[in-house]
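As structure tokens, one chain now follows by itself in the form predicted alone.
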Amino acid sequence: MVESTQFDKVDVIKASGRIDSHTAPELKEAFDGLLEKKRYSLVIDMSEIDFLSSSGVWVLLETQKRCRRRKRGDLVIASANDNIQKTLDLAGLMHFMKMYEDVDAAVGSF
């Protein structure tokens, strides 16, 4: 399940459960909808995600790349648990993606 909340210039996507080959398309669709509306400052709230597969990692990377093509656009991560952080580290993304302890800090980073 994917929910979106809009703040002034930042959108927060909150997903829950597993992000795998079956659910990654739903996450991509949510991101694509925001990008089509020219919303390029995005936060993904991972507080309720317990598994992230390579399909989910690909969606995050692709979305981040599209956001960064725009002035001051970015995709940042909030509230990732230890398992998600390990997955991102193994994928070599810890140096490319900004991570924040909570949604407030992530939104404030913009």
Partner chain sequence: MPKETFAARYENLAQICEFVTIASEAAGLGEADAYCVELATNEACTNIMEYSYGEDKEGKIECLIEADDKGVTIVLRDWGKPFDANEVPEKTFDKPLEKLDLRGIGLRLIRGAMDEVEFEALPVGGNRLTMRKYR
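Keep in mind that what you see is a predicted model, and the values were worked out from it rather than measured. Numbering follows the first chain given and starts at 1.
There is another form of the same protein, the form predicted together with its partner chain; it is not shown, and what comes next is about it.
Proximity of residue 87 to its partner chain in the predicted complex: non-hydrogen atoms within 4.5 Å are present. The closest heavy atom approach of residue 72 to its partner chain in the predicted complex falls outside 4.5 Å.
Shown alone here, residue 18 lies within 4.5 Å of its partner chain in the predicted complex, counting heavy atoms only.
Its partner chain in the predicted complex is not approached by residue 80, whose heavy atoms all lie more than 4.5 angstroms from it. Residues 57, 58, 61, 64, 65, 68, 69 of 56-74 are found to place at least one heavy atom within 4.5 Å of its partner chain in the predicted complex.
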